[in-house]
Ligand code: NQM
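The chain below stands alone, shown as structure tokens; this is the form predicted on its own.
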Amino acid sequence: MAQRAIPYMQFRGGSSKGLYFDARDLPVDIDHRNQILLDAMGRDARQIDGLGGAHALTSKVAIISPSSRPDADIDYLFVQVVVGENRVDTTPNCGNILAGVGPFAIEANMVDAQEGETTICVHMVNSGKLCTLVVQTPMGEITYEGNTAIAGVPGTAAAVVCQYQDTIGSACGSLFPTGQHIDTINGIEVSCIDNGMPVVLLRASDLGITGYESPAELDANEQLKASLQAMRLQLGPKMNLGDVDGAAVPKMCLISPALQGGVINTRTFIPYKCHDAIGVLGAVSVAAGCILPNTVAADVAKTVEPDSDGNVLVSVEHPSGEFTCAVETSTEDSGIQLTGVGLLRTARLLSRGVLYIS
């Protein structure tokens, strides 16, 4: 039987890597589409028969098309191919892969590049939210060369500015989906927050660790992982996520005091393996937990004050560096309100052509 050829591009988006497709090159039927994506990435743990990198951060897919909404330019559906489990998950967004969506749209002639910078409004289909991307296009041509460095990526590249709108309750429906700033699960205090990504904040010290262990050390701690999974399963329904066994969210984020001049230090599980860094939208939710009162981060995070424009810079430390979120806030009678967030990422086109599936 002849193999099927499907056009694709591969981008490094932020500190992740994935395959990017024009939605028109994939089946409309969701089950058929997902089977093709599994074939494209590889179905086994090594992903030996596909283009995946046998790691959650390199087993990601973006499906992109001209937007169905009048207030957006592009529709972007994120798909996580779950390594070794022969299935996909479309529950979460991915802010790293999002950084490559604008460049893809320009490369695929979905959006015309403008002189200097090109602004692209992206409808994130997974959450129904919007994000504006500012892509560097000197002389009306996209460039990947620049001086912006981000943690977890060697060298520098052209900046991609991500300006998120209306991040609150992206998947759970509210900023504090349990209705509480602090819940107690199995004797451990947690804060469940959804400011772009459902995240559960836990003090590392409450789990008998420092929070400065390497990802490899934490991955080898079976007792810790069992405790985190037991809490995830209880919190899923409370966060309006239902049964989260096998799901990518909520992310379990262990916090501790920052050591490198940041606001807070983190170790994040996605969901069962410790992240080598931290996800973009996960960092945004952690930042919210640092800014807002009465969360488990209140006595762990350094205090940060808004500037004259209401922006609060929150540097989130992680195993391979730090991630700074510029959180937009306003002060009202009811207290601090979160109004938006700006992030700096980079992206690079790695390859383009056709992939083949049987």
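Just so it is clear, the structure is predicted and the values come from calculations on it, not from any experiment. Start at 1 and count along the sequence shown; that's the residue number.
The same protein also exists as the form predicted in complex with the ligand; that form is not shown, yet it is the one meant from here on.
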Residue 94 within 4.5 Å of the ligand in the predicted complex, heavy atoms: yes
Look up in the predicted complex whether residue 60 has a non-hydrogen atom within 4.5 angstroms of the ligand, and give yes or no. yes
Is residue 270 near the ligand? Define near as a heavy atom within 4.5 Å, in the predicted complex. yes
Does residue 280 reach the ligand in the predicted complex if we count a contact as any heavy atom within 4.5 Å? yes
Within 4.5 Å of the ligand in the predicted complex: all of 197, 251 and 275, by heavy atom? yes
For the chain seen here without its partner, which of 223-231, 94-102, 165-173, 149-157 has a heavy atom within 4.5 Å of the ligand in the predicted complex? 94-102
